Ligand code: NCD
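Next up is one chain by itself, shown in structure tokens, the form predicted on its own.
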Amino acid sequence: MRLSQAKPNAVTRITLTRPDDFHLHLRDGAALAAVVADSAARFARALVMPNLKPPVVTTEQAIAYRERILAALPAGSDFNPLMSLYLTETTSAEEIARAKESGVVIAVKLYPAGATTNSDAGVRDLLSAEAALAAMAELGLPLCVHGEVVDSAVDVFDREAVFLQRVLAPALERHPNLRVVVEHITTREAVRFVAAAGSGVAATVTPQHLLLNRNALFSGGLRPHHYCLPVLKRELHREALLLAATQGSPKFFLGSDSAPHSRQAKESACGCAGIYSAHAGIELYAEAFELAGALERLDDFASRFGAEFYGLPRNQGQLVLERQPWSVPEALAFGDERLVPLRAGGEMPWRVVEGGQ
């Protein structure tokens, strides 16, 4: 990574190895066509989530979904979608083996049933998926987890910490060789859990959880476009995440969890969880790392640590950002509807100027 300065402590240009996004929602159909170019313009690869309707539960379905993503890319794009399977209570060891052999599927995603968007087909009791977990541990296929319990007796702000102790810690005791990515961590407890775990346990961190705390949900009124799951947390948790992401540990890497929903779906009586950030997918991280005084560590976080965890080569080529403020649109096209992006109507301090597609 190279940083260019016009004067001391004033970085004006950042040169990165082309980065990866290891947690991305692209949807399907017209929605896919509307959003995929934003990610392809910034990232060389992305791990695409399988929570479609119906979910992607077989290797055959994952391969077909990948072909639809490739078909929706802008001409000349070399963006590489990395695929995942949706874990269910009937996922077999044989399906895990097919996924591993495909060379297309690089992870399996655990959604606790009812935890988030399109998770109704997920797992109610992880013990019911023991055969699949054992096969994943044996074959080295990582498990990506949405780390929240679904229990009305547990406060929504505590569901991540309870999941780690009640569900994930016992699973790792049963399967010590299982490789796990705790997705979109949001709490100090999650940082400590991942840091203390073995080398086979890592975590992704989103831009919204690095830049926002739960006050953003209620600033001047209810802000549905800041609602995501896991929900934004207290400032002390945001600070812990920012330190974890910027300290140079290979256990923490980029996963945006960019999740597009139409304005109508967000601004409704029961608004959908999800924040769309792909329109500024690397620029938001640059802003967070600059706030932490750690721009020199962005390249490892965005372009190295995730690839190393998944056993992938680092990307070729570079992506260059410059300090060129630009205004984020109030809304973006989303099929026949509109999509409100993160920081809609606001300003971004960094802009991609070279290497984007």
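Numbers for residues come from their place in the sequence shown, where the first is 1. This is a predicted model, so every value here is computed, not measured.
One more form of this protein should be noted, the form predicted in complex with the named molecule, which is absent from this view; the next part is about it.
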Review point. So, in the model of the complex, is L229 in contact with the named molecule at a 4.5 angstroms heavy atom limit?
Key: yes
Review point. Any chance E160 has a heavy atom within 4.5 Å of the named molecule in the model of the complex?
Key: no
Point to revise | Contact test in the model of the complex: A273 vs the named molecule, heavy atoms, 4.5 Å | key: yes
Check your understanding: Can H279 be called a contact residue for the named molecule in the model of the complex at 4.5 Å between heavy atoms?
Key -> no
Revision key, fill the gap. From A203, A259, L164, A132: within 4.5 Å of the named molecule in the model of the complex by heavy atoms is A259
Point to revise | Among 312-320, 296-304, 23-31, 36-44, the region lying within 4.5 Å of the named molecule in the model of the complex by heavy atom distance | key: 23-31
Exercise for review: At a 4.5 angstroms cut-off on non-hydrogen atoms, which residues of 177-195 are near the named molecule in the model of the complex? List them in order.
Suggested key: H184
